[in-house]
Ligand code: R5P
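Just one chain follows, in the form predicted on its own, and it is written as structure tokens.
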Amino acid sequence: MIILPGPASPNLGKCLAAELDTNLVPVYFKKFPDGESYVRIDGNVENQEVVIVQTTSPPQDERLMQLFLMSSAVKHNGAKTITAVLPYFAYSRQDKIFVPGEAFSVKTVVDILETCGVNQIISINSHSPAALSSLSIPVTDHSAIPLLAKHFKKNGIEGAVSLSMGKKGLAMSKEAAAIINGECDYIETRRDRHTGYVDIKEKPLRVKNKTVIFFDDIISSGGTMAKAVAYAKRQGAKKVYAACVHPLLIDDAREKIINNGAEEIVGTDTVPSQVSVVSVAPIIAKALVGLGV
């Protein structure tokens, strides 16, 4: 097995190679003055099982194009198999056609990857794992919530109340609570279908004088998380933490959440950021071994 770290995930690629004790082949990349991407595989991949590690967080289109170019180059240089690791899977939120005439985005991305030679995909906490099972090449999705929970436990935060955003996310808080040895619940949310605005519905929480950790798959603008943190504080929570797998943290999202009472934001390295303190390399390594790569 050979690991190719894409330009968007150099550190995660190195961590994964170390975790698996396998070879790492560097990828040279640059951007032309007109904005076009250039990549070159600086090593031999012929007859090798190649694993490309490339997150596709913003700027999504640029990082996807780099991934397409890397995959195509690996294919044309005679790789035996190609596994694409997409720690953050861009366009996976569009997991079906909602309105007639719109693009089925995630299917389009996967179709292009298949054309470029990718045999299978590994993702982390994608928006709708069930929808990915119907695509043209195998996609396996894995949860990084246990890694986040173990991080808090390792740092002495045990017995905290694990909360999720909405009832649909309750599985995440249950997953975390089993590790932290605390209770779990969810904040009730409602989204306006037309504006996308998310509001917090009043719901009593058993958090008075307790430490609370919100677990979510993604923090983007930070608006909903900020409201949830403020609500938990109003309910009497002693300390509140925010944890997410994909810390996009667009614009002032981090400051917004901290200013509303969060002690800290903890994220993983699916998206490189100043809060990405938990590496998903161990679960990717386990997934690759499980797939027989």
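Don't overthink the numbering: it's just position in the shown sequence, from 1. It should be emphasised that the depicted structure is a prediction, and the values quoted were computed from it without experimental measurement.
The protein also exists as the form predicted in complex with the ligand; that form is not presented, and the subsequent description refers to it.
*Asks:* So the ligand isn't shown here. In the predicted bound form, which residue out of 117, 146, 223, 129 has a non-hydrogen atom within 4.5 Å of it?
*Replies:* Checked against the cut-off, the match is 223.
*Asks:* 188, 217, 141, 185: which sits within 4.5 Å of the ligand in the predicted bound form by any heavy atom?
*Replies:* Selected residue: 217.
*Asks:* Look up in the predicted bound form whether residue 165 has a non-hydrogen atom within 4.5 angstroms of the ligand, and give yes or no.
*Replies:* The answer is yes: residue 165 has a heavy atom within 4.5 Å of the ligand.
*Asks:* Quick one: is residue 201 in contact with the ligand in the predicted bound form, heavy atoms, 4.5 Å cut-off?
*Replies:* Residue 201 lies outside the contact set for the ligand.
*Asks:* Would residue 76 sit within 4.5 Å of the ligand in the predicted bound form, counting heavy atoms only?
*Replies:* Flag for residue 76 set to no.
*Asks:* Is the gap between residue 93 and the ligand in the predicted bound form 4.5 Å or less for some heavy atom pair?
*Replies:* Yes, residue 93 lies within 4.5 Å of the ligand in the predicted bound form.
*Asks:* Within 4.5 Å, heavy atoms only, one stretch in 28 to 36, 223 to 231, 45 to 53, 65 to 73 touches the ligand in the predicted bound form. Which?
*Replies:* Of the options, only 223 to 231 has residues within 4.5 Å of the partner.
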